[in-house]
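Only one chain is shown below, in structure tokens, and it's the form predicted on its own.
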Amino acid sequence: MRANVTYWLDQTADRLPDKTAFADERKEITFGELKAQAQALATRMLERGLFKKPVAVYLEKGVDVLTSFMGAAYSCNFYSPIDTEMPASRVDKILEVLKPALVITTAALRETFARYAYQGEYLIFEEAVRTPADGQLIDAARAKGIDTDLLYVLFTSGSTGIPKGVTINHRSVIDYIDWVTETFDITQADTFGNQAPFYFDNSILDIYSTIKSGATTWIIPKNLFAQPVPLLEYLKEKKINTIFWVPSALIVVAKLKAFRNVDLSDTLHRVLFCGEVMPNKQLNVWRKFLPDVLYANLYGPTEITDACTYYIVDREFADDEPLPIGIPMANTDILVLNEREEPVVGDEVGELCVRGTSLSMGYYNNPEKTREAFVQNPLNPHVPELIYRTGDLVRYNEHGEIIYLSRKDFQIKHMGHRIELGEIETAVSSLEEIALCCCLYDEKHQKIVLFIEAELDKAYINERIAKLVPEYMLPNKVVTLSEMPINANGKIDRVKLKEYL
């Protein structure tokens, strides 16, 4: 058994050395070049005595970031991306937790990075990739590695805004990508269009599906996601047939009716999405214009290697229906537990918990938070067995599929009723005039506050959704925004919206 993801690159580079692996606005790199440059970086790290150490990658989003990731993996160190557009306060917090042994950056960016509280070593990318690789040194390191060694640490804020370093090992990524490539039949003939930042776990599917299968990934310029017609023209020009985007990116395309200008019926084969709720109203627009595409809703937090359940859309849905998050992925067990720590019965609501190879090793340098989220399986008193508590409330529908309702911390007590704010959002999202919406609870004034990107008053909204939710779930206040705040991952920024309460 191969215990390191770099063996995929070995095999693909041997098979398809001259095929483009990754491409951005400035450069392309073949699988052969990717292997050679990554091994050059790995050699420099191993020569410095680095083994199983944290390596920060501070580069602008592009091909060089992915080369650096693979360099860290070849040297049996683990990487953590730090985006050049991250706020300084967040970078300082990440460095405080991670304490990297090395930072991979460019000579120009090193000057920028000097403003942070980092006194360690640097590897200058453009110099290191030009030096010869030492294959024997790399193979000796990999021979000492095992599949539970860390591959990466991704920092996630959650609802608090305090970064937590989610640790994922090689085995978890190998298990996940084996499932992805088999389930969606990914081959060297496929071309991905990457949307997710490389510090966001959705990017794992693009990166490692490409490396394993010999597909090609185009890193889509960020500015195009605000220009739906040029975005679709880009997909057509690059012959991108597979996308894995956050729903917010898909919603913008549906809202501005870009499909009327660009025909992707002969281009796009798969539309996968994950990261937040996908409203059926906007999904139905995609399905209307591209009826032959495979659509799949993936669900899962960063702590379980990107995703743990999936639903391949196989039937029609009304605009006001919730889209299922589906069934467990292979080699993954889903427990839906009620407040008594028992499996739910019927359509009872419970917390979704995950068991299996996909689980993170915990939060880096944060044992307290690790103990809170990764706990002993209450259904197994016999041997130690961890489950991850997602904090997400779900239920089963009549098809045995899981339906996401809301975050546990989005469940409120209002007028004596227990309410999932996600149910209100689903109802509001079904209105023709609404593209993006978000519900928060104002504890101080005990009001359900709805944020929308539309000029609609509360009376109109409540009248329209009164048939979908009970009276006690109708919003008490509606705030109209010219533009919904979006965080760096492309999701609605709930932390920012709290400032409006």
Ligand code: AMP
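Only a predicted model underlies this, so the values are computations on that prediction, with no experimental measurement involved. Take the two forms, find the largest set of C-alpha atoms that superpose within 1.5 Å, and that set is the rigid core. Don't overthink the numbering: it's just position in the shown sequence, from 1.
Although it is not shown, the form predicted in complex with adenosine monophosphate is what the next lines describe.
Chemist: Exactly one residue in Ile186, Ile334, Leu250, Val277 has a non-hydrogen atom within 4.5 Å of adenosine monophosphate in the predicted bound form; which is it?
Modeler: For this set of options, the contacting one is Val277.
Chemist: Please tell me which of Leu283, Ala141, Val313, Leu298 lies within 4.5 Å of adenosine monophosphate in the predicted bound form, judged by heavy atoms.
Modeler: Filtering the options by heavy-atom distance leaves Leu298.
Chemist: Would you mind picking out the stretch of 261-269, 127-135, 193-201, 234-242 that comes within 4.5 angstroms of adenosine monophosphate in the predicted bound form, counting non-hydrogen atoms?
Modeler: It is 193-201 that comes within 4.5 Å of the partner.
Chemist: Can you tell me if Glu425 lies within 4.5 angstroms of adenosine monophosphate in the predicted bound form, counting non-hydrogen atoms only?
Modeler: Residue-level check for Glu425: no, no contact with adenosine monophosphate.
Chemist: Test of understanding: in the predicted bound form, would Leu421 fall inside 4.5 Å of adenosine monophosphate by heavy atoms?
Modeler: Taking the distances in the predicted bound form, the answer for Leu421 is no, it never comes within 4.5 Å of adenosine monophosphate.
Chemist: When the contact criterion is heavy atoms within 4.5 Å, does Lys413 count as touching adenosine monophosphate in the predicted bound form?
Modeler: Looking in the predicted bound form, residue contacts with adenosine monophosphate include Lys413, since a heavy atom lies within 4.5 Å.
Chemist: Looking in the predicted bound form, any heavy atom of Arg395 within 4.5 Å of adenosine monophosphate?
Modeler: Residue-level check for Arg395: no, no contact with adenosine monophosphate.
Chemist: Considering only 397-411, what residues come within 4.5 Å of adenosine monophosphate in the predicted bound form, judged by heavy atoms?
Modeler: The stretch touches the partner through Tyr404, Arg407, Gln411.
Chemist: Compare the position of the CA of Arg418 between this form and the one not shown after a rigid core fit and state whether the shift reaches 2 Å.
Modeler: Shift at Arg418: 2 Å or more after core fit.
Chemist: After superposing the rigid core, is the C-alpha displacement of Tyr472 2 Å or more between this form and the one not shown?
Modeler: Yes, its C-alpha moves 2 Å or more.
Chemist: How does the C-alpha distance between Thr370 and Glu420 change in the predicted bound form compared with the present structure, closer or farther, given a change of 3 angstroms or more?
Modeler: Closer, not farther.
Chemist: Shorter or longer C-alpha distance for Thr370 and Gln411 in the predicted bound form, given it differs from this form by 3 Å or more?
Modeler: So the answer is closer.
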